[in-house]
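Okay, here we've got a single chain as structure tokens, the form predicted alone, with questions on binding and movement later.
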């Protein structure tokens, strides 16, 4: 009697996750007040943080091991080993979520290093958010903010990705009202500044507790209204940063001398400074003139963003 053989079903293969490209936007401290000094030596801060349209780009591709390749104009300022903040972020997330696969990470570095615009923190936050998607981690299964804070004080707000008031040592992140349409000119004079060095200089020069912490509750209607609000605040680290790198004072003077400028200020612990403009044309003109006058400076015109998640790569 003839026998029949049932056809074999094709095995169901799980599709390998596709590679991701994730932007890491520059962080801008519109103001930064030093409000206290904790017993453990960490300073407490009050800051209004927004983002800029200029960014690094991370590429995340499935791989058996964790690897990092750094390219771009500022690649020379970074290593690609386990001391890189991107690698530290990926490794800590993998351990925290008990993941047994890796990722081939590519970092296209367009933001200056150690520049006060959170380049490393933004990169770390982008990797954390991207790997949660790539590795299909349940976001509720772990506290990304706590993990991010172990990497740097700016990582939580970069993870948040929206304009926010930041307090404590960076762990207190509260959504700020929407910011008006505005443009920035970012300038880095080609020098690096260590954040701990700036805070150490502040301790030596001035032990005062810092500025007030009033916040606006409604969105400023225009860039001029935002500038008016910011003029009553400042960056408490500016004088200390200038003491370490006097060229920062030259950058601020140059910005103040540009047409249509609404406000000039240092971001973070420096050395990058920003000018605030109401119109794209005004920012573009200022950037072109300052680039021509100071070809050794990194100068970029870019929009001010309330929501860095709107960026696409």
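These figures come from a predicted structure and were not determined experimentally. Numbering follows the first chain given and starts at 1.
Another form exists, predicted in complex with a small molecule; not displayed. Remarks below refer to it.
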Consider the chain as shown here, without its partner, and state which of 145, 195, 238, 84 has a heavy atom within 4.5 Å of the small molecule in the predicted complex.
195
Using a 4.5 Å heavy atom cut-off, which residue among 152, 130, 106, 180 comes into contact with the small molecule in the predicted complex?
152
Pick the stretch from 271-279, 35-43, 51-59, 256-264 whose residues have a heavy atom within 4.5 Å of the small molecule in the predicted complex.
35-43
How about residue 135 - does it come within 4.5 Å of the small molecule in the predicted complex, if we only consider non-hydrogen atoms?
no
Using the partner position in the predicted complex, report whether residue 199 sits within 4.5 Å of the small molecule, counting heavy atoms only.
yes
Using 4.5 Å between non-hydrogen atoms, is residue 169 touching the small molecule in the predicted complex?
yes
